[in-house]
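Next up: a single chain in structure tokens, the form predicted on its own.
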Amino acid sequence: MRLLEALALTITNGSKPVCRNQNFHLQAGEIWGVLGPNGIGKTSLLHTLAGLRKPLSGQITLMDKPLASYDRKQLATQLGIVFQDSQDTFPSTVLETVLMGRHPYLSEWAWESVEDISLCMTALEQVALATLAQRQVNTLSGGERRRLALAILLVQNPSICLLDEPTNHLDLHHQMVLLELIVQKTLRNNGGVVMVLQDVNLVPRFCTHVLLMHNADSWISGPVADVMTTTNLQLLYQHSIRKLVDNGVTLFYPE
């Protein structure tokens, strides 16, 4: 089943083209990594797929319906996004903030239920923030804020997760644990993930498919085993890269 599809997509960032007449689709059970050099337009692509900015041309469909036909509350039950950076818009505690992930499921003027609070506390436990539930968000470290953003996504429970550099500010342990948590939860929902990454070695570790953004007219996409080659990565980053396979684990490193 095609969860999310872009047809003949053209995106610009100001006067700079991000992509021209490109196609992309996410099917149930797929985990896509998006790689590309700085400034190529990875975030612009993710925001467009989320319906947060309009493409210059082309169509995006969600569950075979035009993305633009969904109201924001309905869309939020199907699609969730974690932005590259978190910003505090108003004072709130960690628990109050994670409860925002339940808002798409509440009727107008309704308060969160005991069940909603329980779901949120479970998510905070999963991201190791339960002991900080009553802390003010503006007192958290960068890594703690990142874990909070992922906890909001967990309680939102969408079929499609769009993640913009989800490992920002996370230590090695939390990178592994939280990416595995998001991926496995999404797969249990028969959903899919698209995540922009800077660490190429997270792609073979967590992804089934990968999109390499060379420029507006050149994308390479497909299964990780086919696309993640030293030749393709060297062309992408304009840097010499070596491949290492150890006990079935594939790693790429710059020379």
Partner chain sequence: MPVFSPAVPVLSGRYFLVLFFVALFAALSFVVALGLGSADISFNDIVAVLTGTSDSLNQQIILQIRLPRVQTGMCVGGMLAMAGCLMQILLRNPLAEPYVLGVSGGAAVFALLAIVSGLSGLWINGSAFAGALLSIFLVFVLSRIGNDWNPLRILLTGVVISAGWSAFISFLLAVSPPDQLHGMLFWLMGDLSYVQSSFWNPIVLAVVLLPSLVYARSMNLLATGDLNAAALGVNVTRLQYFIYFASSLLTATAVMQGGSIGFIGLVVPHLVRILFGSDHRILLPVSVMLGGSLLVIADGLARSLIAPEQLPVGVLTAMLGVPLFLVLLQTILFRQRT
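Just so you know, these numbers come straight off a predicted model, no measurement behind them. Positions refer to the first chain, counted from 1.
The next section is about a form of this same protein that is not shown, the form predicted together with its partner chain.
Asker: Is there a heavy atom of residue 119 lying 4.5 Å or less from a heavy atom of its partner chain in the predicted bound form?
Answerer: Contact check for residue 119: no, nothing within 4.5 Å of its partner chain in the predicted bound form.
Asker: Looking in the predicted bound form, any heavy atom of residue 142 within 4.5 Å of its partner chain?
Answerer: Outside the cut-off, so no.
Asker: Do residue 73 and its partner chain come within 4.5 Å of each other in the predicted bound form, heavy atoms counted?
Answerer: The answer is yes: residue 73 has a heavy atom within 4.5 Å of its partner chain.
Asker: Is residue 47 close enough to its partner chain in the predicted bound form to count, meaning some heavy atom within 4.5 Å?
Answerer: Residue-level check for residue 47: yes, a contact with its partner chain.
Asker: Taking 4.5 angstroms as the heavy atom distance cut-off, pick the stretch from 47-55, 27-35, 213-221, 198-206 that is near its partner chain in the predicted bound form.
Answerer: Heavy atoms within 4.5 Å of its partner chain in the predicted bound form occur in 47-55.
Asker: Exactly one of 128, 95, 170, 181 has a non-hydrogen atom within 4.5 Å of its partner chain in the predicted bound form; which residue is it?
Answerer: Checked against the cut-off, the match is 95.
Asker: Residue by residue through 135-152, which ones have a non-hydrogen atom no more than 4.5 angstroms from its partner chain in the predicted bound form?
Answerer: Result: 136, 152.
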